[in-house]
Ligand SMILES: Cc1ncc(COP(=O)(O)O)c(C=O)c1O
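Just one chain follows, in the form predicted alone, and it is written as structure tokens.
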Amino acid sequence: MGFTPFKMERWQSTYEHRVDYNLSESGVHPLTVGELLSYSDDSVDLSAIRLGYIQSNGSDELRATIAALYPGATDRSVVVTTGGAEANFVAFWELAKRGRPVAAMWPNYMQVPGLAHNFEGGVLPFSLREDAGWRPDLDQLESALKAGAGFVAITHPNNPTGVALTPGEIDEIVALADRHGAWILSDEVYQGAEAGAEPVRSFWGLYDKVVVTNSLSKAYGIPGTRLGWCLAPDDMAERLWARSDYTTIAPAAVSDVLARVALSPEVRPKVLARTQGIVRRNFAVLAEWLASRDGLFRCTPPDAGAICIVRYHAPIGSEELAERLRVDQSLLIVPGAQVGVESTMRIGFGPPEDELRRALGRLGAGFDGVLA
């Protein structure tokens, strides 16, 4: 069995702490433990947490708290994982069938497509059409399902574009999956980080073959907890839990406690309001800067998340551009080639505003050098 590296994660993990400015990050500026706890009226004594193994699918209290966010779910529907990455991994591992490809939204956060290649299943993309504002080509999805795709892999809202599916598109995807008896794996980590007033609709509850994954990393701004979850029909959740016995065994005890704080009815609205405020203010800064560059850039405004994909008009490939920016400007971006769209870059606009403005100055200097 061969191995396909996860190029974007390898790029980020190698350099994100070795540059002055990091615009490769896809979340908002993270909270400290103290800031998170300050949102709660209940005192949490972290020094009293016993550092043993906890309930391996997440504490009963945390699973009930997560289930309450999804109509019709119970604590039995939830498997708590070590980050969204483990959630996606165990879901893929359960859903993948040898010799059957995955119908994957494209462009994409490339974890699941990479896993498909590594497990020798293959990928049948269905495109988000840039010329239509990153709307999905559902004829391609139907063709992929007819060609034998075992399940549909979706990031909603999408990474790298930040664009969310409309309710009508969601209903069409569900209808296509149902027609072909296919499961849907929906990575929904940007739900709650909306740029507009309306919440993004989940796939949960629309179909009996849906697995939803999520985490505290993006909308909640606490990626260092490394805590995520899978939501699935009860029998599927049992199988996902069994898969996690082979991976990390159990979530971290401290993270389970912090997650209960973050997702509590008292604290969750405050955390999401902070994230949404950052997304709205900072995208306005980015959009103004992009517009000031005389047609060099084109970007569809994201519906959620502190990310967007920016097409640039310059004679340089995205990976060469990213390397020049890293070396010459001490600035990290995600080259579009790593998410499936050349001559673009994924920009994360979640840092503090003054830091974002300085980073954009470095980005401008880098393009000036390319165009000189």
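Computed from a predicted model, the values in this text were never measured in an experiment. Numbering starts at 1 and runs along the sequence shown.
Below, we turn to the form predicted together with the ligand, even though it does not appear here.
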property: Answer range among 240-248, 95-103, 133-141, 151-159 for contact with the ligand, defined in the predicted complex as heavy atoms within 4.5 Å; result: 151-159
property: Exercise: Asn57 in contact with the ligand in the predicted complex, heavy atom 4.5 Å; result: no
property: Partner contact for Pro125 in the predicted complex: the ligand, 4.5 angstroms, heavy atom; result: no
property: Contact label in the predicted complex: Arg260 to the ligand, heavy atom within 4.5 Å; result: no
property: Contact test in the predicted complex: Leu115 vs the ligand, heavy atoms, 4.5 Å; result: no
property: Heavy atom within 4.5 Å of the ligand in the predicted complex - the one residue of Gly192, Gly221, Gly121, Gly83 that qualifies; result: Gly83
property: Interface residue in the predicted complex among Ser77, Ser255, Ser202, Ser217, criterion: non-hydrogen atom within 4.5 angstroms of the ligand; result: Ser217
